[in-house]
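Listed next as structure tokens is one chain, alone, in the form predicted alone.
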Amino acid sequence: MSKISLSSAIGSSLTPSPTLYINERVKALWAAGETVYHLGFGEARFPVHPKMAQALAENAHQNSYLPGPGIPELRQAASSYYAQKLGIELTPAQVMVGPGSKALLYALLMVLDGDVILPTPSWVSYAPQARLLHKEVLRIPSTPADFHRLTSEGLARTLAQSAQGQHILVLNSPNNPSGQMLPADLLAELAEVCRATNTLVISDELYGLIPHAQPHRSMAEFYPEGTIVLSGLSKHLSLGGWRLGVALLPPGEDGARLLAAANKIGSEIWSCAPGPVQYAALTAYSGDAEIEAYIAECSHLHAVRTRYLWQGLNELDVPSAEPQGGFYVYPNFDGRRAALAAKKVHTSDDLARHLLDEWQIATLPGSVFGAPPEELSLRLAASYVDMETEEKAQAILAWKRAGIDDETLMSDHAPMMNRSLIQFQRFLQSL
């Protein structure tokens, strides 16, 4: 009989993060010698920029505890950087630094009152974090028919179901899992609804520096007094493992109160973000021309690879929204429901399991992003395949820098991506 009792906060429904789980599962299969087409994990895989590596090495001696919200130099640099990138007014006093945006999100949800309102689909950790804090989660319904389009009317209807005086809307643009970006006119409409309903917005804009064609627009531009922006280094600079996140808080007294409250949580849980990483991040937020050029180069390659996957699925008559930022595609297979049912595939979980077990394609089911289980949607990530190792990632960059055009890069130097599309074709033909 076990001598250890677990807290009820864990609950029987809480599981490890699906994104981390699929990555560990695929790596175990690779270690066993099996071929797997890894479309399941969204990690930016490009090499660390040499200047960032040098900055980290030069600050390895930074071994002291640092101010909870971040060193003043970094808060200053980040405020200037994001003010320019997002087109908003920002001061260092509005910046809080933490060990990844995920930790900052949890601290913010902990200190804010209100039900959590989530679009459908939305990133896998929003709802579990809210439930760990015993917050009610209300989802804005959507359908594959219009590519899960978010509307201000849908938001208003969902807010009407909340009995709380204050609400917390968590937005994500560019979106994980769909790759869609919220346009300026919709952001303006959402801002008006939020103002009228005492709704705060946590705007996860971690992929905002990886646009494909149109520029990213921030919710803070339209609703500065009620928006908290989350960002960090993980996506546009491929530094997920460095764990450096940034929260940009509203101006004035409200923002100051929020930072003070969130810092209380941080001081008890993580003390401060890692010292060497904070000092290295000064280089990331310096506006260095070489680093900015590298961000643009990597963003272009993310766009090329993601859109290639999207177009390949379109040619197989598998519908999905056109990705506009980041590196995700969110296809739907409802049109094959009858044929899939004959193979005992009735849910997105069944579909993801079938593709991995029978076709060696790793994906994530739409259910973990809040979609109804019977909706046959999957999230595919274009960021890992063909860049499974550091050497392969270096090779992608080298070919591009050698002058190879985008079409040739994908047709001749993306073997696993192309084989995964062939596997999808064979899977569909088997139905």
Ligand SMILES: Cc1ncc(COP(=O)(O)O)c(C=O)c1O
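Just so it is clear, the model here is predicted, and its values are computed rather than measured. Quick note: we count residues from 1 along the sequence shown, nothing fancier.
Beyond the structure shown, there is the form predicted in complex with the ligand, which is absent from this document and is the topic of what follows.
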Heavy atom to heavy atom, is Lys235 within 4.5 Å of the ligand in the predicted complex?
yes
At 4.5 Å between heavy atoms, is Thr199 in contact with the ligand in the predicted complex?
no
Please determine whether Ser101 contacts the ligand in the predicted complex, using a 4.5 Å cut-off between heavy atoms.
yes
Distance check, Leu206 to the ligand in the predicted complex, heavy atom within 4.5 Å
yes
Contact stretch among 252 to 260, 282 to 290, 101 to 109, 311 to 319 - heavy atom within 4.5 Å of the ligand in the predicted complex:
101 to 109
Tell me, which of Tyr294, Phe222, Phe333, Tyr126 has a heavy atom within 4.5 angstroms of the ligand in the predicted complex?
Tyr126
Let me know the one among Ser348, Gln94, Asn176, Thr227 whose heavy atoms come within 4.5 Å of the ligand in the predicted complex, would you?
Asn176
